[in-house]
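This document starts with one chain, in the form predicted alone, laid out as structure tokens.
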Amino acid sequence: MAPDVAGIERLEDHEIAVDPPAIEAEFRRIWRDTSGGEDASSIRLRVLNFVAFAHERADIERFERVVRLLPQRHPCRAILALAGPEQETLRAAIAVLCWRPAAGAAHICAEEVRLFGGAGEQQEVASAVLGLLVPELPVVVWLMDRPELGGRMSGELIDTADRLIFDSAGQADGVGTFDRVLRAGQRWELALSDLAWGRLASWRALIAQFFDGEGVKQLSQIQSIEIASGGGSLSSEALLLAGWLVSRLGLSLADLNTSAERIEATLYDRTRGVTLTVARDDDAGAAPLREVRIRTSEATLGVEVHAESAHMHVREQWDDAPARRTVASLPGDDASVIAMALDDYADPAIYAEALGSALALLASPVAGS
């Protein structure tokens, strides 16, 4: 993700009392000890507070994979707040994350705090997080395992946030997840970053390229859109891409038939009708979004992902002149997608509009509220 720097080293990794003033004092000691001498000098750099909220121990390694890469793009104080039944006692650990840019002698360092508590200690963990936030820096909250928005701990953390990161993919209640996050964004006036949406960056870029330049006139000639969703049910990625196309094309919903495996919609742009189909692929092991096909009166565009290589195949058919190319997709790991979200790679307002249109396709009343 950052080829011009060396990998992140974890320094001074040890447990400490769950006491924000003591943690701050320990960080100050570490900076004093590591800033002496030309070869060992360190630069303490933080541009945001990055808070990850989780319930399961399995999320610890996921968090660690992110902080091994994210600070190189967005130096931060990274805080993991984990409160769940697997934890036996309230405890904390801290570490310093350092890397050396290729062109510089000094290390650049960020900070990591890991807070653990039992299911009944959410308030204590939340209070510790709030006491550790670096003042006057943006706060990004990542709900790692499920978009729980009504809990006391998550509510307190979200109340401090400028941006909320979550993953709508893999949630058992897709409509409910979309509803909750859309309401949360409206209630707290948050920028929303959905990892499922971020993983669509390659798809959206390739589709948009089809309508660049001379292709712009094809926008007024679209006749049908077909989206193939992989997995056991309609995926979040497929629904969000459908919502993005509907919202960006300014289409109005006229007729809708939905089931657990298929959406068929008739949409209009003034007097022009467009049919939209989102259907589950029969292959339960297929990628969450397998293929998109857009037909106009003059051409057909197809974008498909190769499940094993993750390369994207783009096909254009103009009369009898087919064209095909293969491109590498953007990285889809958590760290890369979160970094793109923090770069404002995708406009949060565009996501909110796509989410609203996806809810309309699911016949959810919140879309119009």
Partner chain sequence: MTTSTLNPLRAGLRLPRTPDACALVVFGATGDLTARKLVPALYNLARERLLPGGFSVVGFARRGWSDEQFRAAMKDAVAKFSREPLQDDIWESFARSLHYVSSDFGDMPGYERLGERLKKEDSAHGAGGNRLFYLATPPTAYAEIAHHLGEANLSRSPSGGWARLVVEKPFGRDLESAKKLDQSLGLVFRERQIYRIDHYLGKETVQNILVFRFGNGIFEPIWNRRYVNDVQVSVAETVGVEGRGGYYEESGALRDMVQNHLMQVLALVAMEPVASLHGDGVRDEKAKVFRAMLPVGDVGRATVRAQYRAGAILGQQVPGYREEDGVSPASEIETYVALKLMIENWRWADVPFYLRVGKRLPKRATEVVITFKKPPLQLFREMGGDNIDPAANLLVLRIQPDEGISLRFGAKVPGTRSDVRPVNMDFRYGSSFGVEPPEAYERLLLDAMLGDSTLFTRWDSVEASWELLTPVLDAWLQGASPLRFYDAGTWGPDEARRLVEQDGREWHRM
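Numbering follows the first chain given and starts at 1. Just so it is clear, the model here is predicted, and its values are computed rather than measured.
Just so you know, the form predicted together with its partner chain exists too; it's not on screen, but the next bit is about it.
The three residues Q72, L249 and D344 all sit with a heavy atom within 4.5 Å of its partner chain in the predicted complex.
Though its partner chain is absent from this view, in the predicted complex it lies within 4.5 Å of a heavy atom of just one residue from S127, S202, Q218, S224, which is S202. Note on contacts: among D212, E298, D255, D283, the single residue with a heavy atom within 4.5 Å of its partner chain in the predicted complex is D212.
Under a 4.5 angstroms non-hydrogen atom cutoff, its partner chain in the predicted complex has R324 among its neighbouring residues. Mapping the unseen interface onto this chain, L330 counts among the residues with a heavy atom inside 4.5 Å of its partner chain in the predicted complex. Put simply, V66 is far from its partner chain in the predicted complex: not one heavy atom of it is within 4.5 Å. Although the partner is absent from this view, G84 stays clear of its partner chain in the predicted complex, with no non-hydrogen atom inside 4.5 angstroms. Shown alone, this chain has one stretch from 203-211, 116-124, 227-235, 131-139 that lies within 4.5 Å of its partner chain in the predicted complex by heavy atoms: 203-211.
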